[in-house]
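A single chain comes next, written as structure tokens; it is the form predicted on its own.
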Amino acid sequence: MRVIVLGAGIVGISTAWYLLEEGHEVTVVDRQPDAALETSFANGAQISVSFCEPWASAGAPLKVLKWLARDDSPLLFRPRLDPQQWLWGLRFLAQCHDAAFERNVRQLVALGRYSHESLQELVQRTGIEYQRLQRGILHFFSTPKDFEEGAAAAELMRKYGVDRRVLSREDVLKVEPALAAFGSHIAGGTYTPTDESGDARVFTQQLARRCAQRGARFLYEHDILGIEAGGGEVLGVRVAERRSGRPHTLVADAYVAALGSYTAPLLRPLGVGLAIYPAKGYSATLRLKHPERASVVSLLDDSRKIAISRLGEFVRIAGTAELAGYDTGLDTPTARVRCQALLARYEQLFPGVADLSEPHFWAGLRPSTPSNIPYIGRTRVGRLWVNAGHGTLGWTHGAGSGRALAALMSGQRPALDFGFYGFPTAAASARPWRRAAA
């Protein structure tokens, strides 16, 4: 088949790679001049298969209410005159109960494992280097109450075969000695040795180069104006080259929408309603003045809900979520507070280790669903497929999502128990899967 992939982030490029593996002809369209320049650009860098709990839980509504008045809160809800925001919020509340939480965890773990295996195989095959560290992820807690809740969460994850270990303060410092200066403020932690970290932008751009070498066509700096449909199927995609502004229509046998937070508004005129809303996340990338004193294990700071990952001679501090529409600016009072909070926390944890004088701040829109389960599958519109809604787990789930969608588009059933969009579940599907004609 001839396939057009809309979006060149980690999800879109992974989809393109695996479509090429299946023998399809691929064109990738993106408004940026290169791959991974938006949501995949400067994320938390963690491959967090074992730390994938959904935001929606029984205790989430109360936490959100407590955080409403704080500009530096981990999850900030800014009410807007936006019906999509309120509809997303209502759907989020509907997921805030124990049964939904466990159901969603089960799917996220299944996708995470499948994706991690896919990523490892892909890295072994291609040799891509991206500041990869296979040292696990350490989640530390600053109060006994938070530690108790973290230990309970670890027990839940172990039900699904996740090796999340509960650690004392002393064990936390053995895993990451660089936390010694903050050690007296640590109540305990949890640790998964199988998780890892690395630079998603570097990986995605290198994978895009390899896709191009295999014959994929890339249309960078092309705005996507809309999707043309008729007779219940897609007829083409209207795009405009940015330099000339000249619009034209691209035609293929199948189309994949992998535009992160922008997927939902693009598909809404076609009658495809996806519960995806942007959650603005922030990061700061700092040069290390004393690399020998910096952490190597990727960290999760529970009290601030931030991730800290080593990227060679740099460190990435990322986190928080702001439900405030499609703004990615860094100049608002709220944005400045949240950026400075990242620096202040890192200095508190690792005093004098990083150069705070020239931070590289970034904000991106995480395409979040109320359940944290992404949409991977086919839409009700013929020839239109979707791979979006990965929230904070795009880097974790990118390879597996691309591989799974390419398999579905080729008439195969991916080997994981996951609720693919537009398909029956594995247990409910009794009919055989057939390979689609190329």
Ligand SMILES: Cc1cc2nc3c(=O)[nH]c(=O)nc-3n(C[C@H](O)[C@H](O)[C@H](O)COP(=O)(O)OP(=O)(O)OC[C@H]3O[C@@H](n4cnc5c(N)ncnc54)[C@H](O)[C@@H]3O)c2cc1C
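Each residue number is its position in the shown sequence, starting from 1. This one's a predicted model, so the numbers in the text were calculated from it and none came from an experiment.
This protein has a second form, the form predicted in complex with the named molecule, left out of what is shown; the following refers to that one.
Does any heavy atom of Gly391 come within 4.5 Å of a heavy atom of the named molecule in the predicted complex? Looking in the predicted complex, residue contacts with the named molecule include Gly391, since a heavy atom lies within 4.5 Å.
Quiz item: Is there a heavy atom of Arg31 no more than 4.5 Å from a heavy atom of the named molecule in the predicted complex?
Solution: Although the named molecule is absent here, Arg31 would touch it in the predicted complex, with heavy atoms inside 4.5 Å.
Is there a non-hydrogen atom of Arg113 within 4.5 angstroms of a non-hydrogen atom of the named molecule in the predicted complex?
-> No.
**Report entry** in the predicted complex, Ile10 touching the named molecule (heavy atom, 4.5 Å)
**Finding:** Taking the distances in the predicted complex, the answer for Ile10 is yes, it comes within 4.5 Å of the named molecule.
Which listed residue (Ala208, Leu286, Val256, Leu259) meets the criterion of a heavy atom within 4.5 Å of the named molecule in the predicted complex?
The residue in contact is Leu259.
| request: Check each of Leu167, Ala252, Ile224, Ala187 and return the one that places a heavy atom within 4.5 angstroms of the named molecule in the predicted complex. | output: Contact with the named molecule in the predicted complex is made by Ile224 alone.
- [ ] Mind telling me which stretch in 356-364, 78-86, 209-217, 178-186 gets its heavy atoms within 4.5 Å of the named molecule in the predicted complex?
- [x] Checking each option against the 4.5 Å cut-off leaves 356-364.
Residue by residue through 27-49, which ones have a non-hydrogen atom no more than 4.5 angstroms from the named molecule in the predicted complex? Counting only heavy atoms within 4.5 Å of the named molecule in the predicted complex, the contacting residues of 27-49 are Asp30, Arg31, Gln32, Glu38, Thr39, Ser40, Asn43, Gly44, Ala45, Gln46.
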